[in-house]
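We've got the same protein chain twice here, in two forms, each standing alone as structure tokens: structure 1 and structure 2.
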Structure 1
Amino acid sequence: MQTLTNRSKPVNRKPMTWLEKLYVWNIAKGMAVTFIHIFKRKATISYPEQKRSFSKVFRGLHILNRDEEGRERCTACGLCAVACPAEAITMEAAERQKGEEHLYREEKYAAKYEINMLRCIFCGLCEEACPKDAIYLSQTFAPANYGRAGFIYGKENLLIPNPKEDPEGFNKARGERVMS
């Protein structure tokens, strides 16, 4: 019989000896592997005490951005929802009323903006599609939750803190990103 890899071995059909029936050699090999791994560096970390460092290109939790005056950048154009291959983003647009110029940057804004994190594949296409730099993926990973409803993040969960009211929270949420 010819194989492509030449790795096949013929099966040994001879009966086992009484020493092989005791399985002592196999147990000794297994114990040796266990003993060697005792002295190796552990792959796990103690999570609450130690934090894992992520690379600069890590795509984590979504953030809805504000400008320097605290106004929302999102204009509800829907390009992020169209670009999302998992269809995880839903939004509803609304018109800005008189007196709301300090809240919204453009005439149109997202009245409802939701991301279903159970569907999201963290591909970053929503971030690339946004012409206003209104959404980006942060260096924070999504926390665990007990119910499915807890993974649907609304606008209030995604919006970055207001830089005028909470500059420290704004800078912390922004991270190392340079905003235009």
Structure 2
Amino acid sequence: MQTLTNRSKPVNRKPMTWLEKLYVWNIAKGMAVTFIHIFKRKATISYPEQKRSFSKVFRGLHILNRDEEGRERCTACGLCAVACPAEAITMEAAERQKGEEHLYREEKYAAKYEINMLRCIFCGLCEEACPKDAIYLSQTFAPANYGRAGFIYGKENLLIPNPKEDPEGFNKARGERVMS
């Protein structure tokens, strides 16, 4: 058969000689290979102590963002839920009452905001759909859980710490992706 590229190497079908059939030499070569690997660098990262650094564009668990004054940005417009290809997001809207201006940025806010992390495919379309820069994908990932209910993240799991009360936690949760 004519080869299209020069990269392919024809298989050697020459019958083995008696010496080759004893396998000794080839086995010795193989053993040398494995022995060299004893001294090679280990690829493992010991997870809880050492963490793999993610790239800047890594898309992990979602966070619900706050502005500089610590008010929630989300207005429960539902664009993220519409954009979500896995239909992982559900929300319930509520109207902001008098005296809640320091809590919510707009007149309407999300009373309930749930993301099913088992459905979510971490595509980041919600992030792109959001007109208010309210939802971001952070650089952490969902920890293991025994039940399915544990993977449905409500507002209490998603909301970022208040930048005024806990600026350190805020910065940590925001990670490197959130620019605004």
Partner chain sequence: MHLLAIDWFLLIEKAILILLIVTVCLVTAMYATWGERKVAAIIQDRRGPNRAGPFGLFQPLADGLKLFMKEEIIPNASVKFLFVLGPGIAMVTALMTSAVIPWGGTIHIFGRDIALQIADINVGILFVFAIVSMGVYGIMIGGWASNNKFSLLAAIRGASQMISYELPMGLALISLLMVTGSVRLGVFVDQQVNGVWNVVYQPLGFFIFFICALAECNRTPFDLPEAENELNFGYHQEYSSMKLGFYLFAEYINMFISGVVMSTLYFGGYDIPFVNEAAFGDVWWIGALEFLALMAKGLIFVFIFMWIRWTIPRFRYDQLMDLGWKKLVPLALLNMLITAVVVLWRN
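Basically, rigid core = biggest C-alpha set you can superpose within 1.5 Å across the two forms. No experiment lies behind these values; they were computed from the predicted model shown. Residue numbering: sequential along structure 1, first residue numbered 1.
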Report summary line: Answer check: the form predicted alone matches structure 1
Query raised in the report: Do you see a C-alpha shift of 2 Å or more at Lys29 between the two structures, with the core held fixed?
Result: yes
Query raised in the report: Core-aligned, does Tyr146 move its Cα 2 Å or more between the two structures?
Result: no
Query raised in the report: Rigid-core fit: what Cα movement does Ala43 have between the two structures, in Å to one decimal?
Result: 3.8
